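This document starts with one chain, in the form predicted alone, laid out as structure tokens.
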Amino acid sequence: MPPPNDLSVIGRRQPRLDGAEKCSGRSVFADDVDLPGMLCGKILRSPHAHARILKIDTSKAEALPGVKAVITAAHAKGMMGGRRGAEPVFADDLVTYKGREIAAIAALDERTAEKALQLIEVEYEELPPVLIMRHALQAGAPLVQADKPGNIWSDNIDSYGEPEQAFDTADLVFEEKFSTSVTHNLFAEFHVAVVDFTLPNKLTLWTPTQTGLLMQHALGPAFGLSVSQVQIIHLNTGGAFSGRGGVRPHHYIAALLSRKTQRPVKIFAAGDEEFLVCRALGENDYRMRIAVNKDGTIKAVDMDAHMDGGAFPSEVGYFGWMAGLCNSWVFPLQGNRLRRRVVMTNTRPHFLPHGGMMLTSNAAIMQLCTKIARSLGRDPIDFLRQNAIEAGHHGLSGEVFASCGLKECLDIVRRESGWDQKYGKLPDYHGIGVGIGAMASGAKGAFKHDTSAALVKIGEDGIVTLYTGIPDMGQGTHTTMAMITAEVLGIRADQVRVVAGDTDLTPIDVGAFAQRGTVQTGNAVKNAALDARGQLARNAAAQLGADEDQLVFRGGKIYAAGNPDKCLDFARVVYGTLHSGEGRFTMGRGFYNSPLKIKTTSWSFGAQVAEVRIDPETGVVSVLRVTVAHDVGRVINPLACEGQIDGQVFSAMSQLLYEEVLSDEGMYLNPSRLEYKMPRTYEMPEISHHFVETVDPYGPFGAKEIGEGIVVTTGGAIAAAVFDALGGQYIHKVPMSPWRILRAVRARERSAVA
């Protein structure tokens, strides 16, 4: 796809600007930070899933040479972590899951800290735990928290439109059940916190995160500091996948230890501990119904969900709505309803996997849509296309879909995958499936604001420095921001240096989640670059004898539209602006906040076709080919977009076919990269990339997200392909592990004999 003629940087294949540093190992991560006098912090964790703490004796640990501090719940009274402050930093009198924080040590070195942990004596009274969600819901089950009868943390109904009427008047109703397993976000970079709290009015934290701002807002009040007295430095972040969106107990504990010892402290979570610190998906059980007319029109979707939030489920309770609302982002429904009951268990607190709960719920829905299409004698792509929304549609919860290329995406994957030559014509245990999906860009309404800001500084040599608060977790956001800056100023992307990762240096940015970076931060960057360009335009216009609004900034030159031969060098204009009588040093500033009173401004859409092969002897599912068409609004960097697609397809097939945290009596059995299974490189499918450019009115240069929109859609396509390969057998649980697939294969064989 050639770049548009009116743009010189946007649309061209730009290698990552930090690629050389990453490949050479020069990139600095939080664990690389080594401060003078820094201590090693370690956390004592409970060996029991449910117990009462009768006594803690830390005297032997405190007496050990090299130990500088020992802290317990007594040192963190009233300090609450987790979303909305629902999780005490330490267990006080009651332990509610294995791995719960009991005490912490700061010592001169790791060996001393480990030895000190062993010297802490804790007397427990073991209590009966409830470790499985269905057990927690049984009458008479032990309570995780005494004030939560029935182990129900919350019970909410999200209802939009008229779902009851739609089901009452529908010709047909289809129903299925679907479940998820416990997962881990599987970051490349382990959890780590380095804290310097040696000054009473300044807390500095180095840690991988998706949001410096929200961490400031959590840590500041906890320690009696204002937001600006908390400095978050996130440097490079080795992956997030919805798992680094807030402050965890180890952040508070490192700060407490640093304040007590008056020395910097590092806490690093490795091995088993990494799986305890993580807040990923728990068990979810869905009952789904879809109301359909005989002509194939989908009228309504109804989902009833039990969501395992673990011992402190506030985060799942807040974000669980995503599992159901996403259905009305792709279908023009008459009604959409989700009842979500968040259940408490004596397991670690759960949150979201990559793709939120939308990947798994979409896998369930796309299987069901394929089943409906087969029942109606319809081609699944025709069925989805008939029901796909179009630009201008208004969603049931107030969304305005200003641009939408969903039907075009379906047309592309039909053609490019060879669907018409394959669907219904493949050999036994070979399947082909289609999935569609959508994703919001932004989180307006989820926080007090959804603002991003940016600063652009242009040195007198023409070198541009962009200051942005958006973290880059590996997706190439900083290169994207440099390209937007370069496009506005008419220079190359490699002439833009990006300064990020330090809340003391960079302007406000809510963070890199909810797929908000390209739209929210991108617009702020564009506005800052436009502000800087306007300052240069005044000087250039005077020299060229042209109006400012006639000027073109392109290829490192500035000229009047239609007269490129009479041009000025960009760097010379910058130099002249500084050394003019005014003496202006060029600095641009910009911000962006969604103008609409809804959850977002821009929506991406996509369709995918997946081909799979099942080995009937082993139950192993091989993904052979995935054809991807994604409505990105405008492709900013084709190279990065292709990389995003590859990574998201990998993540989706990993979650759908491989990933599962196994446990026994609350103890994780596979807490490492060796035992926690995910695809290897040679198991990756052939991937075909296709972009639909609808040029969204709210995105910078018309761009939208290309991230979780891909992973959600891939989940649906692969699930539908497995359904097809099994001759129409619905798989009710993910991951679709070999033993689960083999059980379906044997059931199919028995059915054929009968």
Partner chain sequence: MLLPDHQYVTTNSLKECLRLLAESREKAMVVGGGTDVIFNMRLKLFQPDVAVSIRKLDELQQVEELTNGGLRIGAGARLADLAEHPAINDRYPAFAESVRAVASTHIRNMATLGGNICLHTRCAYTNNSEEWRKGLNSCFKTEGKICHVIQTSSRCLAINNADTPLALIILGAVLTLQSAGGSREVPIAEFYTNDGMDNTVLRPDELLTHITIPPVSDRTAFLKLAPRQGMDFATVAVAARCDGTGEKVSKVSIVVGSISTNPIILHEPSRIVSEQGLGDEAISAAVDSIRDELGPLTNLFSRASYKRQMANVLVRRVLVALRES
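Fair warning: this is a prediction, and the values are worked out from it, not measured in the lab. Numbering follows the first chain given and starts at 1.
Keep in mind the form predicted in complex with the partner chain is missing from the figure; the text below concerns it.
Comparing 636-644, 661-669, 325-333, 294-302 against the partner chain in the predicted bound form, the single stretch with non-hydrogen atoms within 4.5 angstroms of it is 661-669. Proximity of D147 to the partner chain in the predicted bound form falls outside the 4.5 Å heavy atom cutoff. When contacts are judged by a 4.5 Å heavy atom cut-off, G271 counts as touching the partner chain in the predicted bound form.
Taking the partner from the other structure, the partner chain in the predicted bound form has a heavy atom within 4.5 Å of a heavy atom of E617. The closest heavy atom approach of M678 to the partner chain in the predicted bound form falls within 4.5 Å. This chain lacks the partner; the member of P47, P697, G37, G727 within 4.5 angstroms of the partner chain in the predicted bound form by a non-hydrogen atom is P47. A single residue from the set R385, K115, R554, K260 has any heavy atom within 4.5 angstroms of the partner chain in the predicted bound form; that residue is K115. If you check the partner chain in the predicted bound form, you find no heavy atom from any of D171, H217 and H732 within 4.5 Å. Shown without its partner, the chain has P738, W739, L742, R746 in segment 715-753 as residues with a non-hydrogen atom within 4.5 angstroms of the partner chain in the predicted bound form.
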